[in-house]
Each structure stands twice: as structure tokens, then as C-alpha cells.
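Here's a solo chain for you in C-alpha cells, the form predicted on its own.
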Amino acid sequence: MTPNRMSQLSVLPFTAILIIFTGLPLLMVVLLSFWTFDGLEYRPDFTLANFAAVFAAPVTWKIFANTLRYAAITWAITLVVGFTVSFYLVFHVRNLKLQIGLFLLCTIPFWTSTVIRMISWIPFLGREGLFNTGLMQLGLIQQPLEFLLFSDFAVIITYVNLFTLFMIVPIFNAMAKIDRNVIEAALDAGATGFQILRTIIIPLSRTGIALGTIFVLTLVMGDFFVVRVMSGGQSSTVVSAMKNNIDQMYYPQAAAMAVLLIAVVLGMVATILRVVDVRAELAK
């Protein structure tokens, strides 16, 4: 048996698991999106009525735009924070033990439940929470800030808290692989710090940035619990709209929205990977 055949056989169990637990459920969602529901009975008909109803509803475009807005803002903030933290750990912390210790410090929030980390923002951002109380005691404000909790601000800050580590890890791994001799050569050639950052560090970190971007965008676009709790029910995303349809037993319409969301996410992932490949070709 050739080594190539051995490698092919070794991935068969993982391929089978992926097909059974991921492929088949997705296939069922796609099939269900073409079924009909008259309020009493589901019929396995092939119809585009569910997709037509989704596209025809103005609220669909609004919640898709809202979902993309949350994803874009969260991505931008986590990218800045993740890149800055990774840059500091890799290029400014020389002691390996200290570097590992600081990196583990970033993981401390993940030692607790995601729900607990989300709920903990409520007593901090509330009208009579710690933040408002502190500002009032310092005399900086006369009345509590209303926008802090049950708003888009609360949703974004919770997303950033929950998902920043997913941006830090891949960028940190990419930066750690950068050859220091390349940076030393650039310094000897008279390059400034900004030039090194723009022409060496950022291009060589593009793989980590792309992976972190994929993680953050998919996590935000697939969430509904944070939006429901932290917005106080005042905002909605695609997944929360799907949840409402499921609660009302409109499974085919919910499946149609799921198919559209998957298509959007896959399109975003393909675009990110394409951009990374193009930049890699230009770098060559």
C-alpha cells in the first residue's frame, strides 16, 4: 500500500464523522427549506415560496443589514485589539515564560461559562450599575447613561469580550513564526518602524488575520442569545428571526433563512480566502 493511499485511508473516519454530523443535518435544512406548511401539516413539496416570502419581507433586509453591522463593528474592534496584543507579546516581551504567562492571562475569561461572562456585564452597565455609579460619584455625570445597557453598545461590547481571543490566537501564532532576521535586515537597511509594520509584519501575519476574521464573523453571525439578552429584545439578527420562526413552528421559512445565511457566510469566507491568496501571489 502506497503512502498516498495510507494517507487517504487515514482521513476516512474523520470524513465519515463530518458527513454524518455536519453534512446530513445541513442537507436536511436545505431540503426542509423547499417544503410547504399550511399551519397544520408539513408537505415535502418542492417550492420556492419560502425563499420568496423571505426576500419579499422588508424586515429580512433590515435584520441581514443589522447582522452584518454587528459583525463588521465587532470584527474591526477585535482586529485592532487582537493585533495590538499579539504584536506586544511577540515583539516586546522577550522572556518566553512571561510571554506564555501573559498569553494565558488573555484566556482567563474563558475559564468561566460564556453565559456568565455575558450576564456579568448587566450589573456593570446597568442604570444603577458600577460604571454609572462610579461616574456619578466622581461628578462626571449628573444622570445615569441610558445607552450602556439593553442597546447596540451592550451587544457590541459583549461580542468583543467573548470573541477577541479568537482573533488573538491565530494572529499571535502567525506573528510568532516571523523570522527576526528579516526585521533586523530591514532595520539595517534604514527602514522605519512603520515601514516594517506595513511591509513585513502585516503581510506575514495575513494568514492569522484571515483565520481570526473568519472565526469572529462566523461566531457573530451565528449568534442570537447575546443579541436577545443584551439588547433587551430591542434588536434582532437573522438567527434570532429564525428562532422566532421556529418557536411559531414555521420550520420551512426558518430553514430558508438558514440557507441564505449559510450562503452569505460561505461567500464571506471565500472572499477572505481569495484575498489572502491574491496577496500571497503578489508577495511572490
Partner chain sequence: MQSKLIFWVLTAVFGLFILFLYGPMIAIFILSFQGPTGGMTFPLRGVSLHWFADLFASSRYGDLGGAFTRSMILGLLAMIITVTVSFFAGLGFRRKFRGSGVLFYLAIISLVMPGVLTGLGIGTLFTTLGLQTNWLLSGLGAHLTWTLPFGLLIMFAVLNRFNGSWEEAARDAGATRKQVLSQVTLPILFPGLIAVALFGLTLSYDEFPRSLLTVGTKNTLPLQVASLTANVTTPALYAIGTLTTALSLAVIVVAFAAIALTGRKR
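Being a predicted model, the structure only gives us computed values, none of them experimental. Rigid core (definition): largest C-alpha set, two forms, superposition within 1.5 Å. Residue numbers count along the first chain shown, from 1.
There is also a form predicted together with its partner chain; it is not shown, and the following applies to it.
Peer 1: Judged by heavy atoms and a 4.5 Å cut-off, are Cys106, Ser120 and Val265 together in contact with its partner chain in the predicted complex?
Peer 2: Yes, all three are in contact.
Peer 1: So in the predicted complex, does any heavy atom of Thr36 sit within 4.5 Å of its partner chain?
Peer 2: It does not: once its partner chain is placed as it appears in the predicted complex, Thr36 has no heavy atom within 4.5 Å of it.
Peer 1: With a 4.5 Å heavy atom cut-off, would you call Phe110 a contact of its partner chain in the predicted complex?
Peer 2: Result yes; Phe110 sits at the interface with its partner chain in the predicted complex.
Peer 1: Does any heavy atom of Thr218 come within 4.5 Å of a heavy atom of its partner chain in the predicted complex?
Peer 2: Output for Thr218 is yes: heavy atoms within 4.5 Å of its partner chain.
Peer 1: Answer with yes or no whether Leu130 is in contact with its partner chain in the predicted complex, where contact means some heavy atom within 4.5 Å.
Peer 2: Contact check for Leu130: yes, within 4.5 Å of its partner chain in the predicted complex.
Peer 1: Considering Leu48, Ala65, Val59, Met28, which brings a non-hydrogen atom within 4.5 Å of its partner chain in the predicted complex?
Peer 2: That would be Met28.
Peer 1: Only counting heavy atoms and a 4.5 Å limit, does any residue of 2-19 reach its partner chain in the predicted complex, and if so which ones?
Peer 2: Going through 2-19 in order - heavy atoms within 4.5 Å of its partner chain in the predicted complex - the hits are Pro3, Asn4, Met6, Ser7, Gln8, Ser10, Val11, Pro13, Phe14, Thr15, Ile17, Leu18, Ile19.
Peer 1: After core superposition, I'd like to know whether Thr22 moves between this form and the one not shown (criterion: C-alpha shift of 2 angstroms or more).
Peer 2: Where the cores coincide, Thr22 shows only a C-alpha shift between this form and the one not shown that is less than 2 Å.
Peer 1: Please determine whether the C-alpha atom of Leu266 is displaced by 2 Å or more between this form and the one not shown following superposition on the rigid core.
Peer 2: Leu266: C-alpha displaced by less than 2 Å between this form and the one not shown.
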